[in-house]
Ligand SMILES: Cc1cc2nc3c(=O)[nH]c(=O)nc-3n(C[C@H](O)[C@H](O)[C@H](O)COP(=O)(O)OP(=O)(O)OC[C@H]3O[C@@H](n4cnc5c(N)ncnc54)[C@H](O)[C@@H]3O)c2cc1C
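This document opens with one chain alone, in structure tokens, the form predicted on its own.
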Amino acid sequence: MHVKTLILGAGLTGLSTAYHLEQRGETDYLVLECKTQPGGLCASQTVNGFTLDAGGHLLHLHTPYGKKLVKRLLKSNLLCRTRRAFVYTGSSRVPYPFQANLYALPEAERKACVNGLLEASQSPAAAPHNFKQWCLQAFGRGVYEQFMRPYNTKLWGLPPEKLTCDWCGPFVPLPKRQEVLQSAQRRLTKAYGYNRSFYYPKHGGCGALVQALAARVTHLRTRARVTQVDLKNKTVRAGGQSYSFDTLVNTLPLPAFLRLLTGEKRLSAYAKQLQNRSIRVYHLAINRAVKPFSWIYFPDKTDPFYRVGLQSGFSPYNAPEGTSLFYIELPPDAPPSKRRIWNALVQKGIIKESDKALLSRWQPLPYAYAVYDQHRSRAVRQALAALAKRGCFCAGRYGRWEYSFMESSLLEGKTLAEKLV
């Protein structure tokens, strides 16, 4: 079949693109999705009364249109939450962000952070070439060694000197140096970071948002895994069928998409320059309601996970009353040991040894993070430019191979639809 606009992937960006095309009267499109239901990593599933998301998926809405769109889609099925996040390192429980709550550290570690910042303030400022240099300039060696280096090495799988700093943007809170120094003496009242508050569906997990979007998308085909893309002849092979198009929209992970191209050796070669960080998510439910929190970061090597979130804290309807549901994110090289995870959670005081597990489930995420190494920026820029010249536009967190949040995906779909119309 032939369509004017063919959209690959029914995740948040693909659905948003289709939705906004229809809002502008353009109905000659088709969305192809490999899974049995739309949503991508934003899809949720319900197991024994527990609603599971693929890790932490929260709505950080900072634009008037983003808020308007989400409220239009979810109506009364929306909650607003205040962040309650922490960093657990050693024996310390530090409120997030670490660099603005130094008062919670032991005296020796607190002093090291203050001295490091004072030394950094006396050093001449220069454009940082990597994430390590950026951290040292912004926070000093104490904060870098105690949190920034171990946590980001655990998360990205690379030491900070191998990462660029063009991803930091809103994702690493940057308080003023005087505020960091003040935080060593007392708790500050100011909240930092793009995620100090967030929205979340009351019912249905984050998947409620993609379901609301998908309900407004007329032309969607599931169980259609893309196996070949021919840009020269403007055809796509998916689910055993062939589709031709005038314009192609890709929201699949960029390196995976590039490997699907036929007769495009130069373009396909860019895939080798794009690194991916996979993770494993472990869903755990227990028979007791724990003290509410949002999520906790774990930089220490002794802890198998790097982040633990309380899924039942986002909405009470994510778990039956009197129970708790956690999502636990682990690096791909962490041993998949349930007992080790349980013991670490007990040791950190998150659960008790006497608690009983009501649900235990693994979920691998082959594509979790686009790695910002020295090759990414140039490879992405050149690949996207070459694809656009061929009538293929990439959008979204994975299509553009970037680090972003859910609102960005919604807005990119809107912008792209306007451009196509």
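Just so you know, these numbers come straight off a predicted model, no measurement behind them. The first residue of the shown sequence is 1; numbering continues from there.
A second form of this protein, the form predicted in complex with the named molecule, is not displayed here; the remarks below concern that form.
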Partner-free chain; cross-checking the named molecule in the predicted complex, the single residue of A357, L365, A388, V47 with a heavy atom within 4.5 Å is L365
Out of L252, V180, L284, V308, which one falls within 4.5 Å of the named molecule in the predicted complex, going by heavy atoms? L252
Is the named molecule in the predicted complex close enough to A10, L58 and M406 that every residue in that trio has a heavy atom within 4.5 angstroms of it? yes
Please pick out the stretch from 225-233, 69-77, 158-166, 340-348 that is in contact with the named molecule in the predicted complex, where contact means heavy atoms within 4.5 Å. 225-233
Does F393 make contact with the named molecule in the predicted complex, using a 4.5 Å heavy atom cut-off? no
How about H375 - does it come within 4.5 Å of the named molecule in the predicted complex, if we only consider non-hydrogen atoms? no
Taking the named molecule as it sits in the predicted complex, is Y19 in contact with it (heavy atom to heavy atom, 4.5 Å or less)? no
Would V380 sit within 4.5 Å of the named molecule in the predicted complex, counting heavy atoms only? no
If you look in the predicted complex, which residues in 370-398 sit within 4.5 Å of the named molecule (heavy atoms)? G396, R397, Y398
